[in-house]
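Starting off, we have a lone chain in the form predicted on its own, written out as structure tokens.
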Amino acid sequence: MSEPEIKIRMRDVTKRFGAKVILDNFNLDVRASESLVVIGGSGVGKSVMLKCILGILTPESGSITVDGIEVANAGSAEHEAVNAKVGMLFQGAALFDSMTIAENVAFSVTARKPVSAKIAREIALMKLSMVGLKRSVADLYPSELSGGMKKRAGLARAIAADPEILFFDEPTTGLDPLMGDIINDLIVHCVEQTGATALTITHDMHSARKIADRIAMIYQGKIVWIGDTAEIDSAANPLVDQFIHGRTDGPIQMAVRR
């Protein structure tokens, strides 16, 4: 069997803030067209990992490649080329308050190339439909939407430019269980429809199990376990076992007490 194509590769990546090491010789491969979910507690480096891939943060050392393009310590041209392939659903949706929902959704398209207002609106309406929002939502503003509707609109914006890579930052945070599950279903649907490579960070195990092909866990700046989603409940790793079952007793306890 041939080796899977690697879309994103991180090798020996170290990122610190002052004396605090967040990513410690961090290694991770994200396969093309897979949905990989990275789990871990608050402050373990999940968001820092994403920001290093996007070029928002620069690691002290190590290599990060996207489609073979080195982005760690790269220039703006390399980052722009890579980020043009990316769509992202932010934790708080991050919609622009002064834009209508249609304008928000079309933003990732219009920001990259000249597109007529008519075509931009058609794209926005099509993507809103994909996430289950009616045409009537298009001319509303973010302040007029519920939290769940904002998440849907943010997802529509993430897929508007048909990206090769999708990043999901805590996609169910702040949502009730029912709406969270609707967002999970929409993520699965959108990833299947677009064929994109998906990388999600979350501490929500229900979400992780639902949307992931594989799951990886970060602890103390390293990946301590990675495997198929179906394997996580039988993982012979006390850190994973404690985290996924939400137990207070276990090896993670000392880190919490500090």
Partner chain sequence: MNPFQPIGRLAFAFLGTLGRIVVFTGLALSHIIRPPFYFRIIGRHMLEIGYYSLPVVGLTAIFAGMVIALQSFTGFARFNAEGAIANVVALSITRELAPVLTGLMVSGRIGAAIAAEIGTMRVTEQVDALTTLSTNPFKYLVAPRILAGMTMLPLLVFVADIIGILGGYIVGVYQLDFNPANYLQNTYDFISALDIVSGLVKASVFGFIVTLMGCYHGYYSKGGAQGVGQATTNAVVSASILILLFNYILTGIFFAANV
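Numbering follows the first chain given and starts at 1. Owing to the predicted nature of the structure, the values given are computational and were not obtained by experimental measurement.
One more form of this protein should be noted, the form predicted together with the partner chain, which is absent from this view; the next part is about it.
Between 67 to 75, 133 to 141, 175 to 183, 110 to 118, the stretch whose residues reach within 4.5 angstroms of the partner chain in the model of the complex through a non-hydrogen atom is 110 to 118. With a 4.5 Å cutoff on heavy atoms, residue 100 does not count as touching the partner chain in the model of the complex; it lies far away. Interface residue remark: residue 51 is counted as part of the site for the partner chain in the model of the complex, having a heavy atom within 4.5 Å. The shortest heavy atom separation between residue 157 and the partner chain in the model of the complex is within 4.5 Å. Put simply, residue 56 is close to the partner chain in the model of the complex: some heavy atom of it is within 4.5 Å. Relative to the partner chain in the model of the complex, residues 122, 145 and 149 are all farther than 4.5 Å at every heavy atom.
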